[in-house]
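One chain follows as structure tokens, the form predicted alone.
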């Protein structure tokens, strides 16, 4: 089974990492729109146009499934992509909300969603969690985390200062949904900020859980074929992929 993974930049590699760990696919084709990252500060029409452009890219490959790793695209353009695609398209928002439901049995749990401005403004996570009867859900736009991850500033004072800026008025939540595929790369730092007391839910593990609930995978693929593409500077993307994925 061949899968495509689409993200606005390099953050979707966190989803690829989970796919590799669970050995679900024979071939993985990754495309990051690095020339136009970040999507999370753009308007809906622009997000939709960029997403359909990416869909055209994947039509050049004989894939069975496309994973939209970008939460912003999943919130704004998933239905349009599904209508235009000759293959199945799944997004990380639905998977993330379902993973939260499976992890947090108490519907009174205090759940914090972190995402880009566009994802937060869409209220996609809140609407899904509300349908699961969760009542104490809040969302916080933390868009500055995206360029911090893109620049690989994981252990920097810049990240620490940014977390203090965003979280200074936030009480420790029961669960944190990392509503951007860039954020798992700084999950250890976010967890440490809240003294490791919050359950973290991120897109990679969520999408694996979601796929395994929908698809019967007949076998494992310990050494899948990997192809990486980017709209700008693909060599830089491949270098990051090699580092993050231990290739």
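Keep in mind that this is a model prediction, so the values were computed, not measured. Residue numbers count along the first chain shown, from 1.
Below: the form predicted together with D-glutamic acid (DGL), not depicted.
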So in the predicted bound form, is D-glutamic acid (DGL) close enough to residue 185 to count as touching (4.5 Å, heavy atoms)?
no
Contact label in the predicted bound form: residue 180 to D-glutamic acid (DGL), heavy atom within 4.5 Å
yes
Partner proximity in the predicted bound form: residue 39 to D-glutamic acid (DGL), non-hydrogen atom cutoff 4.5 Å
yes
Residue 111, heavy atom within 4.5 angstroms of D-glutamic acid (DGL) in the predicted bound form:
no
Tell me, out of 95, 137, 146, 176, which residue has a non-hydrogen atom within 4.5 angstroms of D-glutamic acid (DGL) in the predicted bound form.
146
Of 31 to 39, 187 to 195, 205 to 213, 52 to 60, the segment with heavy atoms within 4.5 Å of D-glutamic acid (DGL) in the predicted bound form is residues 31 to 39
So which residues in 7 to 22, when you check D-glutamic acid (DGL) in the predicted bound form, have a heavy atom no farther than 4.5 Å from it?
7, 8
